[in-house]
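This document starts with one chain, in the form predicted on its own, laid out as C-alpha cells.
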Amino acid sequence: MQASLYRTPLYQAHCDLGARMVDFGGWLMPVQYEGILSEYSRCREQAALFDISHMGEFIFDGNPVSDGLEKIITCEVSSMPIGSSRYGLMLNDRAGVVDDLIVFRISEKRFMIVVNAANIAKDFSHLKNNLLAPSLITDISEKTAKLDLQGPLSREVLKNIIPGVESLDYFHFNCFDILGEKNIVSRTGYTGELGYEIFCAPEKAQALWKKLLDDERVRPAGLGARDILRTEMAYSLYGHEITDDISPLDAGLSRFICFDKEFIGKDTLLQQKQSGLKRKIIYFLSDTRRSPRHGQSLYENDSKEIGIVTSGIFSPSLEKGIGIGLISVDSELDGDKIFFGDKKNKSSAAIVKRPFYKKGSLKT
C-alpha cells in the first residue's frame, strides 16, 4: 500500500473500530467493519453511518449566468431556489462526462458544488478554465469533512442531535448548529433510503462521528455496503456508467440535461440525438446467484459480444446477481435475454427496468 495515500479526519476512528482499510482512488478508506452484508442490512432497516470526507467541495461566488457557471453544468443552476440541491454533470467538448455532481444554492450568488474524490483536481481545473474568472471558485475540500447518515431511521436519530433537521424536504438543505458551529445538512444520499449528508469542519468530524454512533440504532458502514446500495438503486458512478468517453445520453441521464440553455458539450449531444445513439445503458438481473463484474463482456447469444458490464454485484434483497451495462443499439436480443461473463464461461440474465430495489424509504 502506498505511503502517500490520503487519509480522512476519521482514519484513526476507522482503525479503532477494526475496519479493513483499502486504497480507494488514492484514499485510505474503510471497505467494511463487522461485515458488508450486515452493514448493508443496517442501512436498509435502521441507519448506517458513512465517512465520505474524501469527496470534493467547491464554493462558487458569482452570478451563475453572467459569470459562466450555467454553461459548465448540464442542469439549470440559475433557477434553483436558495436551500435546494440539484444533480447535474460537467461535460467536455466531446460530451463525455468530466464528472457528476450535486449543486447546493446557499444564497443568491453563492453555490457549493460537491464532486467525486478522484476528480477533485480535474474538476477544479475545468471550472477555473471555463468560468469568467478563476477567483470565482474556491476549493474547500481540505477544510470540509462529510458524514452521511442513511437509513429509514436516520431522521429519528438525527433530530435528537440536530433539532429542526426533520423539516428538510428531499434534495433540500439548511445550516444547523452542530457542536458549536453552523454546518450544512442536506437531505440527499445514494442508498435509496431516507438519508442526510452532514458537512463539517475536519476537527469536528470525530466528535460528531462518535455522537452519532452512540445511538444504538446506528452502525458504521464501509465502501462495500455502499457499492451494493448504490447498484441496487442503479445510480450511475463515475468510472463505471459515466466517464470522459461516455456521454450522458449513452448513460441514460438525459433527464439531468437542460437543452434550453447553452452548455459545454451541447452541440455534440444534439448531434448524437440527431444521428442516433450507438450504445445504450441496460440493467439486468442474473438468472442465478452468480454476479456480473465490472469489465466483463455482454453477449446477445453464446458468442456475439455486444457490450460491457459497467457495474455488477450480488443483490442481498433479490438474492441474485445484478448488473448495469452498455450495449450496442444494434444488438439483436432474444426478448430480454442477455449473457454476461467471458468467452469460456457465460451466465444468462434478463434485462429489467431500474431500480433493482424498489422498497426504499428515500422520499418518506
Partner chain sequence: MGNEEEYLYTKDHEWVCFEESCAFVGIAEYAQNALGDITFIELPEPDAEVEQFEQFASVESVKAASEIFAPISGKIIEVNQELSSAPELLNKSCYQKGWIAKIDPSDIDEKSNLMTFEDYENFLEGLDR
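Residue numbers count along the first chain shown, from 1. Just so we're clear, the structure is a prediction, and the values are computed from it rather than from any experiment.
Separately, the form predicted in complex with its partner chain exists; it is not shown, and the next lines address it.
Checked against its partner chain in the predicted complex, the residues Arg289, Lys210, Lys159, Lys273 give one hit for a heavy atom within 4.5 Å, which is Arg289.
Distance criterion of 4.5 Å from any heavy atom to its partner chain in the predicted complex singles out Asp227 from the list Glu76, Asp244, Asp227, Asp139. The stretch that touches its partner chain in the predicted complex, counting heavy atoms within 4.5 Å, is 227-235, out of 149-157, 227-235, 114-122, 183-191. Proximity of Arg20, Leu37 and Ile313 to its partner chain in the predicted complex is complete: all three residues have a non-hydrogen atom within 4.5 angstroms. A residue is said to contact a partner when one of its heavy atoms sits within 4.5 Å of a partner heavy atom; Asn345 meets this definition for its partner chain in the predicted complex.
Contact check for Arg293: a heavy atom falls within 4.5 Å of its partner chain in the predicted complex. No residues of 145-166 lie near its partner chain in the predicted complex, the criterion being any heavy atom within 4.5 Å.
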